[in-house]
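We give structure tokens for two forms of one protein chain below, kept apart as structure 1 and structure 2.
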Structure 1
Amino acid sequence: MLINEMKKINIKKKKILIRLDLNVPIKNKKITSHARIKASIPTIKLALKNKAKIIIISHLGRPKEGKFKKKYSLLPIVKYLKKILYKTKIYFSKKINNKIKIKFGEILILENVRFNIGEYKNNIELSKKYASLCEIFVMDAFGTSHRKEASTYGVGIYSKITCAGPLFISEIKSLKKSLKNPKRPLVTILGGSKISTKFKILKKLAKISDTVIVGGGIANTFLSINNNVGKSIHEKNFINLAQQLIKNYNIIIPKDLKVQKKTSKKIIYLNKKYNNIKNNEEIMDIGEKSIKKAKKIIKKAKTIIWNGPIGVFENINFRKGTKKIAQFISKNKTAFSLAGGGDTLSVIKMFNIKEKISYISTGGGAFLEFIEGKELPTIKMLKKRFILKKIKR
């Protein structure tokens, strides 16, 4: 791989700046999923093992630049890391500050990078300010690699040495493994509410997959080609494109569904055939026959790519389809299974199947864009820095 790797360069007793993806869900001041933090721990421990002076930066949510908002503060994450790395001194600073002195084997975590003016637009001065903090910059936030921002891209341009962390490298290798000469049958499961946000990736995956199983609002758009979908989420502007896809590729849409119907007194839940949805009904999940068909397909798969829930899994009444799909994937021990995306991570945690998925990507948008075939800005930057390093030699 034409990228400088953290594991292959000398970081011993160096001052290093690590860009991590600590963008975790927080509710009532409590972290509800620690997956991304835990995925970053090996990188931090590698730096500690080499007695480096460590500065960590990350984003959380999408706050307005230049304005501090408590709900976007990294403080809950800092407190969690202090518990996990209790033997290590960890400091927290609200400002980008060179004056805070840390010793070898200590960590300084800076406040949410998106509070800084110029972060979103990859401001040169801000990028240089980050770069001035370190001898080595480590990009290990794959989940933000599709964004050309000061803390992901600009800092890498201006740092003395720039490299990719082990999690970043692992993400790329696993994604490439799924897309280049995968073992077949290759089955893709794609859920989510909007086909518009995933149309390009759906087209790319349909081309390379033996079978694509669709769910959620994406499936509703396919169903609406020849059927009434009532009040269900679907996108009329994409019906013609969906029609072309289903004509040319093996795309499986649900044949029976679970719907809800609201009356003046209560909400009624019904099982319906795909061609019998009424105007006042809303599709919320797939039905029993569709679950059984998915089971047969997933059971035979040798490679599985999974992104997005199949139904409104947050509601216990419409969780079964997503739960069963997740379990079918986890029970296929002969397949290489790759899962990614924020909602997918929530599903994996909910049904406790983390250990049974071959690889779980921390990326959401980056995961989708990489699979789509785009060269992500940060990867482009890392390749550029690798080439410049070779020229200087």
Structure 2
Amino acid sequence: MLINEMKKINIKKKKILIRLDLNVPIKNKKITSHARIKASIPTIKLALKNKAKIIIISHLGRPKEGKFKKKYSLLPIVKYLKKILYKTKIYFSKKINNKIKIKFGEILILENVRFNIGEYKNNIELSKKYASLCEIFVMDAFGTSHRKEASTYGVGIYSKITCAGPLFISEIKSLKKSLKNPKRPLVTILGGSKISTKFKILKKLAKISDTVIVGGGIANTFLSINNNVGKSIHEKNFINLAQQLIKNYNIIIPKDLKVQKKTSKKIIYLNKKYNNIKNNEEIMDIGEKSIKKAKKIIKKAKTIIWNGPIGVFENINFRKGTKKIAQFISKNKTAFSLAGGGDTLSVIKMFNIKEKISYISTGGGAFLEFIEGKELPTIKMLKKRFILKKIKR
């Protein structure tokens, strides 16, 4: 691969800045899947083994720039890392230009990069500020590799040396290998709440898939073409695209649903048909008929791509759709199953099916964009830095 690799360059006693994807799902102040943090540990250990001065940066969620909000603080993740790496001195700082002097073999974690003004827009000044912190920049946030932001892209342009971390390299290699001539039928299951990110990808995914089963906000957007979806999450801006997709591809939309209705005194749970949702109702899960239909399709699949829960699985009353889909995927022993995404990792953990999925990626949107064949901006940046390095020689 035409990319500098952390494993192949000298990082001994160097000051290195590592961009990780520590964007883990947190529900009721608890981390519900540690998978992304655990996947980053070998990279941190490699740096520790080389007695580097380590600075770690990451985002968490999508906060507004320039405003600190506790909900998006990396503090719970720092606490978890302190437990795992209990022998290592770990500092945490809210500021980029901090005065904390770290020694060789010590770690400094900086607060959520998305609190910094200019992060989302890949601001040059901010990128240079990050770059000035280190001798070597390591991009290891595969999960955020589809974002051209100051801490994923710009910093890599302005750092003295830029390379990719081991997780980044292994994700690319494994995904490439698993997608070489996929066996058919190829079934994609796409759910979750990040509607806009996923809709853009859905067109390409639908093209390469034989069948796409949709759930969550994406399914609601399809349903909203001709039906009232009440209070359910959906994106009006994508209705036109949804109309085109449904005409041209085999997209399975749930026709029976589980909804909730909140009154001042209680929450009422109902089973409803897709064309009978009222203004005060909210779609929360798929119903029995849709589960049965999905079972038939998943059973016959030879390749499965899975991203996102089908319903609001965090709520026990609306867990069944996601649980069943997860079980159908895990029971299909003849198919090659690929799964990725923050919430998908939580689902895999909740239903204990990790060993039964052929490949689990730490990426969500990045995983999907990679599958659709797009060159991710950070890969472009890493290649650019590799070429520049060659020219300099």
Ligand code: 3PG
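Since this is a predicted model, take the numbers as computed values, not measurements. Structure 1's sequence is the ruler for residue numbers, which start at 1.
For the form predicted in complex with the named molecule, the corresponding chain is the one labelled structure 2. Hinge residue for the rigid-part rotation between the two structures, picked from Y120, I31, F104, K180: K180. Fitting C-alpha atoms of each rigid part between the two structures shows the smaller part swung round by 24° relative to the larger.
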